[in-house]
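Here you get one chain, nothing else, as structure tokens; it is the form predicted on its own.
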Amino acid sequence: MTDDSEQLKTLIHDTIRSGRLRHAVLSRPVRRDADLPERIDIRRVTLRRGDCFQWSGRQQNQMHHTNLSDHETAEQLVRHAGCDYRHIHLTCDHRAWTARYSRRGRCRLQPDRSFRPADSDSSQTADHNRRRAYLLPENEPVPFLIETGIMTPEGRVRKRHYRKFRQINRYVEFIADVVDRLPQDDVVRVVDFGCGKSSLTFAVHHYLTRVAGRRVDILGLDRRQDVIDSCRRISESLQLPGLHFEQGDIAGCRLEPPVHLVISLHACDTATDDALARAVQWDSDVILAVPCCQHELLASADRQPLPLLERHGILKERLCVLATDAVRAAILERAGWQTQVIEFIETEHTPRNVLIRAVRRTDEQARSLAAQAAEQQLAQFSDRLGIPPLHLERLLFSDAAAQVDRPSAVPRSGS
């Protein structure tokens, strides 16, 4: 039986940090004789001092209420899950999940398929729930957002850029989640491969310097000289220390380690693999990658392990996209990184909504065990689907990839 404890922990932190969690329930105490309520209800409320979560539970025929901050709520939910309560139910605006712990302490996390958004009790939703609380708040001027045209000088988000504003905030949330894994006293070195117009690069600089209080050395790299010139003008105008931009590609980047954070957003096809490989070679603490245009597997030799899917072009393409990212995650695990594949932004904004988040394991024993398991799972998965060694595997494990008896990839035109 699989254990979803880590996925539940990540879900709790992500839904609270993003402002999506509306209601949670802890039930079925592990010990009946413990001084714990049979059930605890946790709801988002608005008080004079601000927004918080109200914990409500009945003990000895008396209802008790406690108000906790977002951070405290996340910590307490993670602490109680499995240790004090076997059932945990989480409700967001449009989704709900149920986690159940067995007597042996294994967690099974599943979507609540009976949940319907219309069933939620809107009368108990606080006013602020209609507008998400962002790390980069609305109606507060942020210099780089003003300079890039996303905000007005007064701090109002322009209507046509609101989706971009949400995407930037979602991205900043990911940075906030991993900031503790980055150096606190030394300069944080960051490389953003394929930075483009650099709204997200500026967001990283803003959060690390102005919110987290870190010193930074951030390089934005892109192949287009015109966008690099534009980014340089903005950086110079705002006088942003430790931020610079260069024209070039991933293959030509010759930085010496350490590089603590590597970012690759929407690098096309195998360019994502080049960025991941470079991050592994640098032994980076954190890797954030949003893959795009995964065509390598689609262009590989004909194979039909799942003919019902592969006979339809659109389904075959989606299968190849999912399989490619699953392989990338396994390869990073094999290389020594704890890896998650999570939603970047809602699909209503972009179909490229998957983010690979990898954090370097520091415990050598755990790193070795995870690498062995990932290597075995990767081999089984690839054999089952007839997947040849892909670009990232060949870059990082060329000797091992050459020994694997799998179909060879057919070169793409122009490669």
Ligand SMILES: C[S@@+](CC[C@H](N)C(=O)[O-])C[C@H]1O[C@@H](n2cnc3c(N)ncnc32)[C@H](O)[C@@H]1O
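Owing to the predicted nature of the structure, the values given are computational and were not obtained by experimental measurement. Sequential numbering from 1, following the sequence displayed.
Below: the form predicted in complex with the ligand, not depicted.
At a distance threshold of 4.5 angstroms between non-hydrogen atoms, Gly194 is in contact with the ligand in the predicted bound form.
Remark: Arg223 counts among the residues lining the ligand in the predicted bound form, judged by a heavy atom distance of 4.5 Å or less. At least one heavy atom of Asp249 is located within 4.5 Å of the ligand in the predicted bound form.
The closest non-hydrogen atom of His87 lies beyond 4.5 Å of the ligand in the predicted bound form. The chain is drawn here without the ligand; in the predicted bound form, the stretch among 93 to 101, 333 to 341, 258 to 266, 314 to 322 whose residues come within 4.5 Å of it by any heavy atom is 258 to 266. Ala271 is the sole member of Leu145, Val327, Ala271, Ile287 with a non-hydrogen atom within 4.5 Å of the ligand in the predicted bound form. For the candidate set Lys164, Arg214, His244, His295, a heavy atom within 4.5 Å of the ligand in the predicted bound form is found for exactly one residue, namely Lys164.
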